[in-house]
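Next up is one chain by itself, shown in structure tokens, the form predicted alone.
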């Protein structure tokens, strides 16, 4: 089974979803991501969905679950790159995505994570580790 790569960028984990997520892949991503938050002590999770053109209620729940589980493990979650059609679909499905912050792009998402975890300006968030 294919896996979605999870990259560590300092205190953050970055996930870029480049394929349409079917149920089993989405569940594997959820489990892998929560494990990586625990293993690395990440303080933030950034999920880039800019390549996702369609989202259903299951995928919306998975994103919400990731945010909830990450928060329990003391990490904030930001979703970036959401297409307008995806945002409309989420609203029409009535999925509020509690605990999920959003931003337009990766750069702004990283800034939002830095703000959310209150990194001091002089503190580096890049220790070069990738998984």
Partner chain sequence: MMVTLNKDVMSIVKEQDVIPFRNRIKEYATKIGMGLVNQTKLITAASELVRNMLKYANGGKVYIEVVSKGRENGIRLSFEDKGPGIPDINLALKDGYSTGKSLGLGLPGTKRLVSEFNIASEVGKGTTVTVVKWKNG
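Positions refer to the first chain, counted from 1. The structure displayed is predicted, hence computed values, not measured ones.
There is also a form predicted together with its partner chain; it is not shown, and the following applies to it.
Only one segment in the set 89-97, 74-82, 102-110, 36-44 has residues whose heavy atoms sit within 4.5 Å of its partner chain in the predicted complex; it is 89-97.
When contacts are defined as a non-hydrogen atom within 4.5 Å, none of 30, 32 and 68 contacts its partner chain in the predicted complex. At the 4.5 Å threshold, heavy atoms of residue 51 stay clear of its partner chain in the predicted complex, well away from it. At a distance threshold of 4.5 angstroms between non-hydrogen atoms, residue 17 is out of contact with its partner chain in the predicted complex. Residue contact check for residue 55: one or more of its heavy atoms lie within 4.5 Å of its partner chain in the predicted complex.
Within 4.5 Å of some heavy atom of its partner chain in the predicted complex lies at least one heavy atom of residue 21.
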